[in-house]
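So this first bit is one chain, no partners, the form predicted alone, shown in structure tokens.
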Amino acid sequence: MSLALTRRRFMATAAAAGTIPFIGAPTARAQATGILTFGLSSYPPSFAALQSTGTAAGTVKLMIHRGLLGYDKAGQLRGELAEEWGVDDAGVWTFKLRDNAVWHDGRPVTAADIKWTIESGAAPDSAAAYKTPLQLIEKIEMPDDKTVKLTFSEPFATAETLFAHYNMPMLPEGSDDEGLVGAGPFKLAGRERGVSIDLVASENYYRPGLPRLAGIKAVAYADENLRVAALEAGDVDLIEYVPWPAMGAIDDNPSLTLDVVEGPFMYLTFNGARKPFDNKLVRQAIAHAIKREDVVDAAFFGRGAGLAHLPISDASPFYNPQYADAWAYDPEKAKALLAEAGHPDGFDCTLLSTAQYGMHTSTAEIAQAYLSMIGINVTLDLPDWATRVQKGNAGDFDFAVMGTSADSNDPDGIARLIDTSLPTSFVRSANLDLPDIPKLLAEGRATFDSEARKEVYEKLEGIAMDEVPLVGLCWRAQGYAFHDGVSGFKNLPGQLTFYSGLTLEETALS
């Protein structure tokens, strides 16, 4: 086996010019000042570092933790705990850790910590978001304390995006279930359950001069109108999930900045254990029954666009224009599909959403109205977000509204949304047996050649249009807003918007 890493894959991006902010001398730490108050959209349902529990939890993770890799402000991969990384001709990935990376308690980050984190996430009883890909790692070697070599059971082309995800942070060996000791720019100082989380700057952070803040107070404002009011009143400095009705007023306020990107999307998921959602004709009927422009207008005040296929952007080299309108609004076709499925008069069912986010509620209401026109009588179930997550993870729903972004701008970034072989999760359909989809996802993941991968994903999308593992509804604008005294924060581009918490390390108050 060749130990030489390929030139294309071996990088030292952490030291690349311009990718890492630098203040003062290399060994100096600037005086961090100011406590930034961050208006979260929800108190995290859980602090479990390796689990997926929503955007607010992800933002808090990005304050506390770092993974092997991450993203810069332009959305390009960069090193985090790993300073160099690459893959050799045999498909073995090697990560070389930074010499100055330490945990919040001062212990150095070692290869043993990385091995422990990966093995913990892959354990049979793990609830990690990426348990399945971690279980593909059949050998972990540690040539020295700062080097980790990973051998997958099959070629794994997307290891970089896996280890850059905020639900894949690294933890000190022996961490408890929550894992609140990290190697990120801020460390936990206290929390009032359901209300707020206090964090202070880590004196051990590996990037010289960062973080620029003395700390962050993350306050949960589950009511989006109160979150905006708190920003306008100066009670908070920065908010996530700017509600769409408020974007215009914030944009017009000279003391506030609205930072918006397009990338997240709304969709429907199904529970195949609840009839008739096991029938693809029913799922197809629903896909053709909803006028997507009305979802954009009602839920997002026109800030978005219809999505009648899988959430792959038309800017992606993997975009397939022949499927762009595959699920286009066509009520007569929807009725015919229902009749073919044996439900000419429709049926009764319940749509799970949440009252905590207005966009989820409005999307559910539009879906309910349009489905009634083809005879499907929908009752809405609108609990708070934590309950919505719990019900989704338990498979306790008929069908559900969901909104998120992909894990990355790579097409494999939607794998966790359409791979129905994965364990039940609130982000995807449950109890659907669609074996061709995970098979093709695995084939794409094992293919390093871009043109060959494009062929794989084109075939996959064609199958998905027929089987309907989800119903795309619309792309949406996603915004953060902050006072003029806040600098350095950036809404990351496209599908990476929920990684924007990475830039809190560069954020400052004046």
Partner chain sequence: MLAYVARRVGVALLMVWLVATIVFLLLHIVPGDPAELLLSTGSTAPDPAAVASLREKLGLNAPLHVQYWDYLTGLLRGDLGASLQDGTPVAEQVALRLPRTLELIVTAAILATGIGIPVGVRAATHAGGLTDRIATGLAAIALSTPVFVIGTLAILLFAQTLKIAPAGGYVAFAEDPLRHLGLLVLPALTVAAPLTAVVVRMTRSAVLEVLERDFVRAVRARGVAPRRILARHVLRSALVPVVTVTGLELGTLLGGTVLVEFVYNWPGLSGFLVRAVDARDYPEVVGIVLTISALFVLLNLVVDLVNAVLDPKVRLSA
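The shown structure was predicted, so the numbers you read here are calculated from the model rather than taken from an experiment. Positions refer to the first chain, counted from 1.
What comes next is about the form predicted in complex with the partner chain, which is not displayed.
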Given the partner chain in the predicted bound form, answer whether the residues D177, A233 and T387 all have a heavy atom inside 4.5 Å of it. yes
Within 4.5 angstroms, counting heavy atoms, which one of the listed stretches 378 to 386, 152 to 160, 139 to 147, 275 to 283 is next to the partner chain in the predicted bound form? 378 to 386
Does S126 reach the partner chain in the predicted bound form, with heavy atoms at most 4.5 Å apart? yes
T53: touches the partner chain in the predicted bound form, heavy atom cutoff 4.5 angstroms: yes
Going by a heavy atom distance of 4.5 Å, is P169 a contact of the partner chain in the predicted bound form? no
Is the gap between R428 and the partner chain in the predicted bound form 4.5 Å or less for some heavy atom pair? yes
So which of Q356, Q368, S316, N204 reaches within 4.5 angstroms of the partner chain in the predicted bound form, heavy atom to heavy atom? Q356
T404, S362, T269, S120: which sits within 4.5 Å of the partner chain in the predicted bound form by any heavy atom? T404
Residue by residue through 189 to 225, tell me which have a non-hydrogen atom within 4.5 angstroms of the partner chain in the predicted bound form. E192, R193, G194, V195, V219, A220, Y221, A222, D223
